[in-house]
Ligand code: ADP
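Heads up, the chain below is alone and in the form predicted on its own; it's given as structure tokens.
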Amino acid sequence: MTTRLLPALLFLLFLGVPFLPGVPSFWITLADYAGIASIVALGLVVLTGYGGMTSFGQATFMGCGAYVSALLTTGAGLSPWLSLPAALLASGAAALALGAVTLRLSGHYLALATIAWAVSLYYLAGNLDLLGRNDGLSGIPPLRIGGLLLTGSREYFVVVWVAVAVAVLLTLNLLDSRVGRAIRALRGGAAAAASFGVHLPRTRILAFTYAAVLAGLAGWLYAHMQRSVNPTPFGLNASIEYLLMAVVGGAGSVWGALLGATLVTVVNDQLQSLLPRLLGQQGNYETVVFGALLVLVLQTAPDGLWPRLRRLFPPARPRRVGANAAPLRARTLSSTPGLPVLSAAGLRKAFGGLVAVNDMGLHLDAREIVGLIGPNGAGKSTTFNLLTGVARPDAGQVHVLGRDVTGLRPPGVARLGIARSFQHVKLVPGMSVLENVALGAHLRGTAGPISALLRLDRAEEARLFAEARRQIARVGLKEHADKPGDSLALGQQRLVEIARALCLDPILLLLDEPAAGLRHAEKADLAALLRRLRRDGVTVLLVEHDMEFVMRLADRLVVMEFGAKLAEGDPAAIRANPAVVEAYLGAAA
């Protein structure tokens, strides 16, 4: 209890700092600006640091919130407090409209698109009579609490930093949730997330809109602190500065946003007054020096300053979430051996003039382990991608339990109970083993963003993490559950992928080279696990180059060469097949 109360007590003491005797008003005003900037930078941490989407338009959404509140309070006579929901709603609606088009792009194309509409909206605001053109709107009423007008920087400090605290709390809640794991998977783990049911376009829109709503909150605060608005503070330069704040502090950390916003605000202001005195003449020298300092920071701390500071403190003890939670509802698996689970016929996939898969057929029955083998480049991984919706076939059909699923996207395939691992390990950077595995249970939860923000999803989160811990123990990595996923050896990371796939509670498990990187004892444990899964009703299809491993494990083998099926049969028949020996196994077999 003391640990929980200490941050709240420190925050209350912080709110009292402006009212201490001798504290200059100038520094309080600067802290107000830093707090407003921190809220915008928080949104960029979610959008860019975790979501991997670079936006140069956050100041535009800030201006949207500021202008909407200014219009409602000066034109319609609405109370500033009542204009807050409208400001947030307008910023969110603008993000939905722009994001529906912009987020179809990725990489530098997305960044360029945000620059385009940020510049367009800036000039639009400067030419609309409704918004006062370049002069903007003035006479915005100040905030009022009872009979107290918040016209001074000291009183406004409390409002700004309470808003910062609320934004931090909501953001931490969002990121520590089922929805938050989906957002965090957008950067570096999107393909894996989609294969476990994450709807990527919807998740991108959510992150984009949330960042815009935070910017709208900052705009509302700015409007009622300045009591006038014009286009200048909401232009492209301001957006670039907010992005720099997030990057300098650490775009992958909530606390880095606060650190970066405070440092950039203070350093920029001090350079404006210090450099003219040192150089004896006026000029925009602070831009040059600030740019040099920024380059220095990025060279010495490319992940931002907060991760460097964080190393000075002992690591937090991992939370034992889900230790005693009720189990998730399990899928009903087939108990009838021989029941058709998956069938594919005539599959074809070409990349330009290269035919990767050509007239490929495959069938899998319940409680069966099938090995898909062949030389490198035979088309095995491409076949996996066609079966799981990662790639669309040019021809052919895929049926799961009698249902035609040809061309179904990965989230739809995952809903049918088909889970997979990848040839090249695809764990989400920055996530622990436990969080990576819990991502596999995404479809087994239902809590949405509102539940996450308000922390109403704790019971479901406990069940999801309990399932993740059970599957981690199942693959023999119990003692590694709370370690960063990318800190494990390659073989262990492959086991993490298998545990993540098992979290989906699959009827069909597709494993792409699961034994690669494993030691002999670990391969034996993996084989024992797959046999137990078969007894439990799970069908397994695996690509593997370790012939001793796959020959001992598989009930049936399918051999591919040049994208087509070369042979099919039990291990003994495949071992004795002259065509397979010549093409793949070699004469020593």
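This structure is a prediction, so every number in the text was calculated from the model and none was measured. Start at 1 and count along the sequence shown; that's the residue number.
As for the form predicted in complex with ligand ADP, it is not shown, yet the points below apply to it.
Residues placing heavy atoms within 4.5 Å of ligand ADP in the model of the complex fall in a single listed stretch, namely 379 to 387, out of 379 to 387, 303 to 311, 130 to 138, 359 to 367. The shortest heavy atom separation between F351 and ligand ADP in the model of the complex is within 4.5 Å. Looking at S106, you'd find every heavy atom of it more than 4.5 angstroms from ligand ADP in the model of the complex. When contacts are judged by a 4.5 Å heavy atom cut-off, Q423 counts as touching ligand ADP in the model of the complex. Using a 4.5 angstroms threshold between heavy atoms, P375 counts as touching ligand ADP in the model of the complex.
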